[in-house]
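Shown here is one chain on its own, the form predicted alone, set out as structure tokens.
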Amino acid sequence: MGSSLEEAKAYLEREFGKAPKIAVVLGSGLSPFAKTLRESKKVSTASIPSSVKSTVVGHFGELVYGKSGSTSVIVLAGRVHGFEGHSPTQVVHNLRALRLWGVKKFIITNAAGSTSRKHKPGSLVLIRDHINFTGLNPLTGLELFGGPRFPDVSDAYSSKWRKQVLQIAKKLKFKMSEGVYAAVNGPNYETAAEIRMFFKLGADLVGMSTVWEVLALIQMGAEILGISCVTNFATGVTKEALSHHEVIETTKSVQKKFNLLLEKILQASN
């Protein structure tokens, strides 16, 4: 294991002590969930050895340790993205450090566009699979991070965990479906032709994150749940122009629902 990861692990141990069982990665506009934690302690992600801080609006750039109900959790409120000029290795660094520290389960969330009218803005969708359109992979290289050279990704987004969450959503009377997430590099939004292609290839959602993180964590033996907050119809699905402001405003409108769902998932995972 690289010295940079060992240093990051040691930093987490010094700051927070024993690792919780579960971590949450918050997507664009969803960082306010971190403010709901009790007995919380936070550090800037830029203070983690070999880490970088997010520059994107809607990401706090903080790592917050605290309790949601009776469940201890570590929350990454502000991920970094490839389009900020970072390599896949840099993007997944903090997640690898959390896994090395001892976190076993990860809830990876994001803001995503819908490739059709099936998933409307404001919907919360469980990711059941993904397509990597970035052309890059954080597993490239000689370091295996304690995992296999050729990781199996047939159940990357835990089917068992997804079934549990669908039952939780049903009890909350939340309408929740599943979909396939396509990852692109960005930072521009996709063309209408690209969205038509993604849709024909089986992608329900499209975004600029998540997949590299999931691949890195799968290699290290983590269990993963993926949740997309649909913030807009992708280019060409409607005639509306797209903006990051719309993404942030939509996540604000669904924040209360998102927070409640996460709290119940964490409670059930305790």
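For every residue, the number given is its place in the sequence shown, counted from 1. Worth saying up front: this structure is predicted, and the values here are computed from it rather than measured.
If you look for the form predicted in complex with a small molecule, you will not find it shown, but the lines that follow are about it.
Within 4.5 Å of the small molecule in the predicted complex, heavy atoms considered, which of Leu63, Leu26, Ile227, Val206? When the small molecule is considered in the predicted complex, the option within 4.5 Å is Val206.
Go through Asn232, Gln219, Ser31, Ser54 and name the one with a heavy atom inside 4.5 Å of the small molecule in the predicted complex. If I apply the 4.5 Å criterion carefully, the residue I get is Asn232.
Using the partner position in the predicted complex, report whether Ala111 sits within 4.5 Å of the small molecule, counting heavy atoms only. Contact with the small molecule, yes.
Contact label in the predicted complex: Leu12 to the small molecule, heavy atom within 4.5 Å: The answer is no: Leu12 has no heavy atom within 4.5 Å of the small molecule.
Should Val247 be counted as a contact of the small molecule in the predicted complex, where contact means heavy atoms within 4.5 Å? Answer yes; at least one heavy atom of Val247 falls within 4.5 Å of the small molecule in the predicted complex.
Considering non-hydrogen atoms and a 4.5 Å limit, does the small molecule approach Leu242 in the predicted complex? Because a heavy atom of Leu242 falls inside 4.5 Å of the small molecule in the predicted complex, the answer is yes.
Want to guess which of 187-195, 119-127, 67-75, 147-155 is within 4.5 Å of the small molecule in the predicted complex, heavy atoms only? Of the stretches listed, the one contacting the partner is 187-195.
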